[in-house]
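Next up is one chain by itself, shown in structure tokens, the form predicted on its own.
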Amino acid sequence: MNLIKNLEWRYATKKFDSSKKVSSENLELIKKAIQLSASSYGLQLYKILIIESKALRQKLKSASWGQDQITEASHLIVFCNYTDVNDKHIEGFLNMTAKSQGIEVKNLSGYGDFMKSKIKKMTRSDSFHWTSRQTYLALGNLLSECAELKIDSCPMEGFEPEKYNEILGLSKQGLNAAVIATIGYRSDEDHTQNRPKVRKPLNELFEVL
């Protein structure tokens, strides 16, 4: 029940109190929640940037429709998907699996071949959209953990990925800015915090077949 109450508490914060910062201890908990996110095959085909630099965030604000959350929040989180999935990603995952589960990596070759065969059937566009969707699963864990910690957050799609890629040098790393979020603490001046939460009723949202 605590999770439901905390999710009822959270909202997409529009104005942050720039004087308040997320502690390093809480930031580690948020990182752990993201790390534990579900992902297809467990591959985690993304990388997350935690941006604290005021100067860098000022540059990114211009590529984020001028939204104040970018510079006012405690941290800006950029979820980046890998743009080209290859055998190295899969082999790296198999090596981690073998090490963490205490088994020979050769015993995982069948599963590795299965993943490679499925991924090779994807077009580059399909692969790009697949990996970008994975970042939203990780974003969901961030939002839930922030709510648990009573840290405000705002998921954001209102930005220009191409400009983010350029400013952050992502393309040369085989990465793309897929979705972003700001975290911190709400300002007393954010009037949206007092608005009732608007959601479809359960009987309209769900259908049992």
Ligand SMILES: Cc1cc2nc3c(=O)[nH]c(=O)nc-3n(C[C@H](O)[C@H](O)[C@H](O)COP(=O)(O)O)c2cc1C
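None of these values were measured; they are calculated from a predicted model. When you see a residue number, it is the position in the sequence shown, counting from 1.
One more form of this protein exists, namely the form predicted in complex with this ligand; it is left out here, but the text below deals with it.
- Of the listed positions (G66, G158, G42, G174), a single one reaches within 4.5 angstroms of this ligand by any non-hydrogen atom in the model of the complex, namely G158.
- Checking I30, I151, L60, C154 against this ligand in the model of the complex, a heavy atom within 4.5 Å turns up for just one residue: C154.
- With respect to this ligand in the model of the complex, the three residues H89, K120 and R124 uniformly fall beyond 4.5 angstroms at the level of their nearest heavy atom.
- Figure note: of the listed segments 161-169, 66-74, 33-41, 52-60, the one touching this ligand in the model of the complex, with heavy atoms no more than 4.5 Å away, is 66-74.
- The shortest heavy atom separation between R10 and this ligand in the model of the complex is within 4.5 Å.
- Proximity of Y82 to this ligand in the model of the complex: non-hydrogen atoms within 4.5 Å are absent; the residue sits far from the partner.
- In the model of the complex, F93 stays away from this ligand, with no heavy atom inside 4.5 Å.
- Taking non-hydrogen atoms only, K200 never approaches this ligand to within 4.5 angstroms in the model of the complex.
- Contacts between stretch 123-140 and this ligand, counted in the model of the complex as any heavy atom lying within 4.5 Å, involve Y136 alone.
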